[in-house]
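Here's a solo chain for you in structure tokens, the form predicted on its own.
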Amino acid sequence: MKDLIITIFGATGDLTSRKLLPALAKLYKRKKITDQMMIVALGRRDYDTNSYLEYMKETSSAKLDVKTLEKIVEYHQIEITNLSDYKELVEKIKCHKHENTRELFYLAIGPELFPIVSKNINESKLVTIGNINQSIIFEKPFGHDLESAKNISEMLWNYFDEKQIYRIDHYLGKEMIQNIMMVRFANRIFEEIWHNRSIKSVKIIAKETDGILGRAGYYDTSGALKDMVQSHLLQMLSMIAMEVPLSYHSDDVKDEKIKVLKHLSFDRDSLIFAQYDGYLEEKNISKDSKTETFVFLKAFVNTPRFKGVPFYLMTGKKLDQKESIIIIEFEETSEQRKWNLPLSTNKLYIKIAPLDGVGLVLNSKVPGLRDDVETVELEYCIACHAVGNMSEAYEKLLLEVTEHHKSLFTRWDEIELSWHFIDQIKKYQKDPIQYKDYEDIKPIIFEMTKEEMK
């Protein structure tokens, strides 16, 4: 009998090969997860387990530990849209579980299949509504606007309890995203100055050097605003701007993030939408597509703590470097003007990718006889000090689900409010300007905001 059974719908897909199987193999091999586990890989192709794993090894862009996976994976052929095919699956799982077995059902499938698969899961009694040992997991996008997001959630609530639903935003599994609250609330030097009297601005940046990488079908109906701002960037913003939670349990943290999203506004004159040169030549992209691959906006969190502080959000593809970073810029001190030197503002860098870490920029005297000044960065590179021990986001997220922890997963009201914010921005969206590289966009941002962007 197994203590953990993970059933993957869409087990022959890219998400499973690149993320899910590598993460589960590492958790099992490192004994971070019970050794009494089984992965049921569902697909309609005529494989046995060995030929399935061989196919995944050949097609995956990630390295698969097939020797480990052979111990825990069983392939099961099924047509997931056909209810009658579920009978054998139900019997298979029943034979391997006991009363307290943790059962996870990962929907690694397109959202268009959610309704029929959820209905079949329910009608076959594969999952019983309200049974907290049985959980449904699925990825963003959680809809393409507020109305579609509501439709998805209302459909799921017909078959599952909200406590059984885990919505994955993989950014929340990244090491430094998890560390934001620790940096804020476990260090007095930051806790004491985390307000509008000390903070001048906040920049939240997610740059990519790649284009759409063959994801035309998804990306052209989404764009940078829906793909990145609605989820990743707003999640980071809410963690930076939230009040101190009553506790660090999931619902208390989410309650404070919700208050941020409720008080969020944006400057519509600051909006920049752009599209990289060559996007219209990408495979399966319409020649008249108006989809943006770059977004910039200035937002405000209208709470007593942050009222008046601009939050600059920027994300885009085909830019100068791959980087995800949060920059907290602090106000000048009252003493700075007395020095009559070119002093800079202090900045806190929360570095999320490619290397996780924290940096603090200070003013310092240049060694020597003259009173020259330089900026110095005190830096801690988490990734550099954790060689071999850095976990992938999916390792952390999957482990959290097995242990019934929901802190790193998005609650419905977070999704609702973030889509409401994005829908408001969409009302003012213009045709995208064209850019060859990041240098084309920087002057436009500066002209609008008088702010230099990294």
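Sequential numbering from 1, following the sequence displayed. Please read all numbers here as calculations on a predicted model, not as lab measurements.
There is also a form predicted together with a small molecule; it is not shown, and the following applies to it.
Mapping the unseen interface onto this chain, Y171 counts among the residues with a heavy atom inside 4.5 Å of the small molecule in the model of the complex. For S324, a non-hydrogen atom is located within 4.5 Å of the small molecule in the model of the complex, even though that partner is not displayed.
Residue contact with the small molecule in the model of the complex: E208 places a heavy atom within 4.5 Å of it. Taking the partner from the other structure, the small molecule in the model of the complex has no heavy atom within 4.5 Å of any heavy atom of K119. Comparing 332-340, 223-231, 130-138, 281-289 against the small molecule in the model of the complex, the single stretch with non-hydrogen atoms within 4.5 angstroms of it is 223-231. Checking K347, K254, R167, K317 against the small molecule in the model of the complex, a heavy atom within 4.5 Å turns up for just one residue: K317. Of the residues given (K97, H263, R215, R305), R215 alone sits with a heavy atom within 4.5 Å of the small molecule in the model of the complex.
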